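The chain that follows stands alone, in the form predicted alone, written as structure tokens.
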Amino acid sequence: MPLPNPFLTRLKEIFPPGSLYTEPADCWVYGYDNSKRQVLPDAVVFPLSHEQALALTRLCNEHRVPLTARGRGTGTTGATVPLRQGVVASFERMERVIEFSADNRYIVVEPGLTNQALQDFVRPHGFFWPPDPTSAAFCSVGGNLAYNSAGPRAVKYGTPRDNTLGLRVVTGAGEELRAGVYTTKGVVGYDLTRLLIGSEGTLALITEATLKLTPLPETKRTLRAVYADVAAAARAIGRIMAQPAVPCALEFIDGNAIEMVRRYSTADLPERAGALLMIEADGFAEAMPPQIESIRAAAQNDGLLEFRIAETAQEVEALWQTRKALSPTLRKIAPKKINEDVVVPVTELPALIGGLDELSRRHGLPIVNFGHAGNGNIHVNLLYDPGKPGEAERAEACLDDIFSLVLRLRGTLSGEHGVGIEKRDFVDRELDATALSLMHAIKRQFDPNGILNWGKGFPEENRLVTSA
């Protein structure tokens, strides 16, 4: 249904020329994300301040117009796709650093600042913000918070929930809210900050974030361990994570991925490689030798084929070549992939990879696995050709079986990609009826008219009164 004229008139008062799009040709590119799903919004606005976001939300409430918040569109689950059209609020122009306190180790930023721009700002002062998604050069801090997107460093430094002190938001009801603290301790009231992080824009619009910074390590070393099979690699992962020298990255690549890379790149790998771990350790330079020896001892078992330490930048690049070759290699194998980021207990990794291999054979589709081994977060890449009869249907059936396998292993359906649309209809397999009921009640409390990001995160539809 087209937006009502009174609504459009008010919208133009809030957003001057250049910050409001209504032509379909302009709006089209703001209706999709990296899930490749797309819905044309009726309008796109570019807030420049908290006050504009507040006025927008109150206007959408008054007219019951759907409102979808958007960062840079790098998400893979369709969480920013405007399923009921309405207005998309793109926060890409809100990219200021509001406050920086080196002595208190925090920074206050707007949501449109990219992860990389944030890191570039704090690095000269000796700090970094731990979340480091693969898309850091493009993704926004607001998007990182909306998805609780982490990356490899989460194994040591935690996720955005662990590295955010507070938020300033506009709730779906059009109310202003400051959640959290400016200190590293604080237990007054419920923890609304952690509730809002990972809520995928279904509860509120984030307009400011107070982020906890971490001092940069003096140095970092890169290691690679190659194993005969996944079971040997999993035993090593458990031991590595149980010793004091916690790595800042512990990445896993399974045998299927290794064979693919071997066919399409010049990566130097032992012939019998069935699994590979990429390990990074950081800290003081003087502490590196004992850290490396501790990790080496933990990595040692009967299945270890090779343990290498990079001594130069060129060697670091060579060790990472296998991991970097994966994405282009996957594009050569099949025209489409389903990339899921499931998580299981580390001890269940052999059962997960073995189960995925069995599902690959049963459904006749390649499955390639890699990811963040230290916390059991595996990216499962299901490859298929939608142009071949029956392959898309087999892929959907295989995905259903993958989720069942993960839950049998006491895992979770998403570690950092979120739920959005892609996993929405599977959520009730992981969450019981009581949990879902409480979550819907929280949604109604924050967003009584159901205007924010309709149809995301839960298997049943959120309340929404259609546009008048």
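So that there is no doubt, residue numbering starts at 1 and follows the sequence shown. Please read these numbers as outputs of a predicted model, since none were measured by experiment.
The same protein also exists as the form predicted together with a small molecule; that form is not shown, yet it is the one meant from here on.
- Only one segment in the set 345 to 353, 306 to 314, 141 to 149, 284 to 292 has any non-hydrogen atom within 4.5 angstroms of the small molecule in the model of the complex, and it is 141 to 149.
- Among heavy atoms of R235, none comes within 4.5 Å of the small molecule in the model of the complex.
- Remark: R70 counts among the residues lining the small molecule in the model of the complex, judged by a heavy atom distance of 4.5 Å or less.
- The closest non-hydrogen atom of G86 lies beyond 4.5 Å of the small molecule in the model of the complex.
- Although the partner is absent from this view, K423 stays clear of the small molecule in the model of the complex, with no non-hydrogen atom inside 4.5 angstroms.
- Residue in contact with the small molecule in the model of the complex (any heavy atom within 4.5 Å), chosen from F370, W129, Y384, F91: F91.
- None of A79, L276, I279, A209 but one reaches within 4.5 angstroms of the small molecule in the model of the complex through a heavy atom, and that residue is A79.
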